[in-house]
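Heads up, the chain below is alone and in the form predicted on its own; it's given as structure tokens.
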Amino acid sequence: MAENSPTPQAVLDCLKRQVSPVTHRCSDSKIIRYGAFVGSVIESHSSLPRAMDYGRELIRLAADDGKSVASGTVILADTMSSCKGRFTREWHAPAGGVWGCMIHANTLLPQSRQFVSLAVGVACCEAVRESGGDEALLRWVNDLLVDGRKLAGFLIETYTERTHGEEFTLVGFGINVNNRAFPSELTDCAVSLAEILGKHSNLTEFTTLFLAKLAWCFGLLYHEEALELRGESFSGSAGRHMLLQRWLELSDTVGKKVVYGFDVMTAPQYRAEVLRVDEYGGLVLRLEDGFVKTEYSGEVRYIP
């Protein structure tokens, strides 16, 4: 049993206590119903090589048995020995952090899928801020920073099960909570919540809060998609997608000078200024020669 092992009921109870920071045109209960699948099943492990690989195996085994993995299944581990981020970059995952993934049966429209990375980022940032990390900010598209140091990262991968062709999204997350020691190469660029607060947090309570926030954000995602399908405007101010509005409130990316690349660490492509984020989460960039383009995938690093 993992140390950070909330129960599905605890996540649901926490979800019901959430209050949206954004004005919306529907009741909280509707958003709760949309997002209540998150954490409906929680698997906790003392150790795993990699949660997303384990998730794929769960999907395969269920399909072989003529079944389907419950959407919203969360896989947690106290430690992971082969944790990877984008482009197989190594992620340090010792005891004290929140490591894992959620399996999401992909029923979203293509335009809504653009918001999945924003949803997990908003969920984590809100959980960190409510736990005392008031300075946490989101960097497009999937990093959570405090004073320029990375506290959490997220990885979104799609997986199509071969037997029935069912498509899933694996939402991976790695959050430095109570782990304070980092490898030498990460000392200057990584930070944990414990370092920021000067004390440890209750890991089960933090994990419960994060999953409840994730459920709320997925509820917002499905709610906004339902409005779009009815031909109505989104619920945020000036008709903006409510989830995007909240992400912008928690991010400092707009206005920054950045280096962009699909793999920015090993293959940076160009320098640019971030002008805005478009209505579907795309990053609108003005290159050094004045050309303006929009990127929907890839990553950025801020230029000092």
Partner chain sequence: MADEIDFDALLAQYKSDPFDYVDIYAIHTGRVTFKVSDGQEVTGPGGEWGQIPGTLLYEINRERNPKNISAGTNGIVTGIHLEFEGQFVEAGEKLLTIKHPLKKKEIIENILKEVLSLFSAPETAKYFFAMDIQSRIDKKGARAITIDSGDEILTMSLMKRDTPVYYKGEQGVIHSVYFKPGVSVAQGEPLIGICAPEKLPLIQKIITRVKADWDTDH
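Just so we're clear, the structure is a prediction, and the values are computed from it rather than from any experiment. Residue numbers count along the first chain shown, from 1.
Omitted here: the form predicted in complex with its partner chain. The next part is about that form.
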Heavy atom within 4.5 Å of its partner chain in the model of the complex, from candidates 47, 68, 40, 269, belongs to 269
State the residue from 216, 140, 173, 210 whose non-hydrogen atoms include one within 4.5 Å of its partner chain in the model of the complex. 140
Its partner chain contact at residue 114 in the model of the complex, heavy atom, 4.5 Å: yes
With heavy atoms only and a cut-off of 4.5 Å, decide whether residue 287 touches its partner chain in the model of the complex. yes
Do residue 118 and its partner chain come within 4.5 Å of each other in the model of the complex, heavy atoms counted? yes
Are any of the heavy atoms in residue 293 no more than 4.5 Å from a heavy atom of its partner chain in the model of the complex? yes
Given that the partner is absent here, state which listed stretch (95-103, 71-79, 155-163, 126-134) has heavy atoms within 4.5 Å of its partner chain in the model of the complex. 155-163
